[in-house]
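One chain comes next, on its own, written out as structure tokens in the form predicted alone.
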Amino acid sequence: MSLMLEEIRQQPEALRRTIESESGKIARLGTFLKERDLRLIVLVARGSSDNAALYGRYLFETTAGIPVSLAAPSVFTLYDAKLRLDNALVIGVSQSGEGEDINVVLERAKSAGAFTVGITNEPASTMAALVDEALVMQGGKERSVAATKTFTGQMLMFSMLAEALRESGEPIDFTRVPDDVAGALASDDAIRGMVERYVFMDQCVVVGRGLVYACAYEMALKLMETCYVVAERFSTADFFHGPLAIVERHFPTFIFAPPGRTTDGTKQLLERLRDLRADTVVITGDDALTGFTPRTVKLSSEIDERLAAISYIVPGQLFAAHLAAAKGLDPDAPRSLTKVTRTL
């Protein structure tokens, strides 16, 4: 078994440990931050961490009502820009805590008046030492180059912090998350049986919208880095604005479709893809969306829409790991990649 698959399967326990360890700290941090009159949240990350930050953006804006910007580190590292960050919260995200450009942004943001938070898997990292508050995932060492348990850990951290900043609305029960992820892992056999169909796939599209938009980005990244598949990622809405033209008979298309606010748009897309006779795989907990294609990964209909991305990415991770194996590739050692990437 690959390290990637091992770490995918470790996720329920890793998430449970993180909830137990960090809940109190995040609640206290939320109380402190709500007293600072935050006007802006800036998220800074690269790679899978940047995909988790995309989920964080949707969460903070829909839950806390605070505008969010996904930082471009080059603004600081290449162009030496001086930003005014009073009343801003800047959150750096890095599994290792050693991303040099991420840490430069955090240092500059702190000197520009921002309150800084780091989300990392390494408590002794450079990031953890330089931020005002470090939130540490309890995932254990991640050895596979392809991030899996740290990605879901980062999404969990974002959801817990967004909840701590929430002013009103229905509270979230995070204790269900590990069980939801365990339920998603039950799709393993179905996905293993599905991937042989895609052994010769060299390009595809991955689609999601809203709170699962980040899943489209992350599954596409996993297919690119472990299976060497050219995978484009789109929101359901954007896909209708031009990219739909690339779809023809048997074109592989993967759709993240949790029940909720995005259902109507997803249904319209699935109807169009069926008309085009695309080769569509849909990951959904909505019975109404399972009839559009024979290739469906069915998840629980009881998963909270606000937390769905944490569970829904699991079939995408499994698909990439099994497809890499079916292609005769080692997902733990993608060519040209290392676990810690240092850029400025």
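The first residue of the shown sequence is 1; numbering continues from there. Note that this is a predicted model, so its numbers are computed, not measured.
Beyond the structure shown, there is the form predicted together with a further copy of the same chain, which is absent from this document and is the topic of what follows.
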Every residue in 240, 262 and 276 with a non-hydrogen atom within 4.5 Å of a further copy of the same chain in the model of the complex?
yes
The chain here is shown without a further copy of the same chain. Which stretch in 124-132, 150-158, 189-197, 230-238 comes within 4.5 angstroms of it in the model of the complex, by heavy atom distance?
230-238
Does residue 65 reach a further copy of the same chain in the model of the complex, with heavy atoms at most 4.5 Å apart?
yes
So, residue 286 and a further copy of the same chain: in the model of the complex, are they within 4.5 Å at any heavy atom pair?
no
Using heavy atoms and a 4.5 Å limit, would one call residue 170 a contact residue for a further copy of the same chain in the model of the complex?
no
Should residue 27 be classed as touching a further copy of the same chain in the model of the complex when contacts are defined as heavy atoms within 4.5 Å?
no
Which residue, 182, 112, 104, 224, has a heavy atom that falls within 4.5 Å of a further copy of the same chain in the model of the complex?
224
Output the sequence-ordered list of residues from 36-50 with at least one heavy atom within 4.5 Å of a further copy of the same chain in the model of the complex.
37, 38, 39, 40, 46, 47
